[in-house]
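The chain below stands alone and is given as structure tokens, in the form predicted on its own.
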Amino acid sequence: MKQINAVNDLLSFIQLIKQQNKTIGIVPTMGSLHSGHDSLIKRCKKENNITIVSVYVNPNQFNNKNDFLNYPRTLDADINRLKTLNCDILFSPSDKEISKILNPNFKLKLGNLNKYLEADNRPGHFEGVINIVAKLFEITSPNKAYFGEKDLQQLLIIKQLCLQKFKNIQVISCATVRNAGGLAKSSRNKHLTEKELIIARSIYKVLNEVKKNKLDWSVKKAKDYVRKYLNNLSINLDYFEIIEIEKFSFTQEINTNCNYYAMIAVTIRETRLIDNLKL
């Protein structure tokens, strides 16, 4: 595996790869890699000649300073993990290197995607995501880019980014990877104690209960159930909503002709976790 830190070095490498007519896949990450990232990288390896994994903790997508400062940074362990996965390129730039890439000069039409849920709870978050992903796309010119479905709202925004500004890049969505208890894999899980990790399984449990009863429960009943269940476990519910996915709009009733996702965000002590499930 080749580790590249400088933007100019990466540009030179990409130019060489393109001259050889090789396909490039990219997996953008903030590091602290886990088996969820592994699944993205393995698929990228299978579908492209060259796999690039970026590791960069982007300060512009954190609306909470403490969250940024406490985000787990494990570059040495990440390097070892990527070597085991036979990753081709690790791009791990500094803030200074990232600043060398011009900020994207465009506005996306995102509709409700930039109004609700994470956009509402984390002001400026998606602007930061769009900025760094656009920069990575500019310098790597990938054929495909891989993102996990756990961050569903982010995934949909990246798809819009490519539809509107990077039409030659195909966004590949990859299923959420969960541990044996159903908890979605997340770098932030490292902040949880053993007891809290067990409690956190309830997130997936309530999502499944809503799915099981989607035709029998009203949306209000589902919300009341989720709130009460998690409150009894001292899990702070940031939001629980059922979203009609095509318009990314809240719904008050389930229509069998539409596609819905149950979307949730909670805080356990000081650790914020998100998840979703297709109903």
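Numbering starts at 1 and runs along the sequence shown. Just so it is clear, the structure is predicted and the values come from calculations on it, not from any experiment.
Another form exists, predicted together with pantoate; not displayed. Remarks below refer to it.
| Residues Y204, D275 and L279 all lining pantoate in the predicted complex, heavy atom within 4.5 Å | Looking in the predicted complex, the three residues Y204, D275 and L279 all stay beyond 4.5 Å of pantoate (heavy atoms).
| Is T140 one of the residues lying within 4.5 Å of pantoate in the predicted complex, judged by heavy atom distances? | Contact check for T140: no, nothing within 4.5 Å of pantoate in the predicted complex.
| query | Taking heavy atoms only, is P28 within 4.5 angstroms of pantoate in the predicted complex? | reply | Within the cut-off, so yes.
| said: Quick check on F91: any heavy atom within 4.5 Å of pantoate in the predicted complex? | reply: No, no contact at 4.5 Å.
| query | Hey, in the predicted complex, does N48 get a heavy atom within 4.5 angstroms of pantoate? | reply | Residue-level check for N48: no, no contact with pantoate.
| query | Which residue, L113, L152, I169, I132, has a heavy atom that falls within 4.5 Å of pantoate in the predicted complex? | reply | Only one listed residue qualifies here, and that residue is I132.
| request: Pick the stretch from 229 to 237, 58 to 66, 245 to 253, 212 to 220 whose residues have a heavy atom within 4.5 Å of pantoate in the predicted complex. | output: Going by heavy atoms within 4.5 Å, the stretch is 58 to 66.
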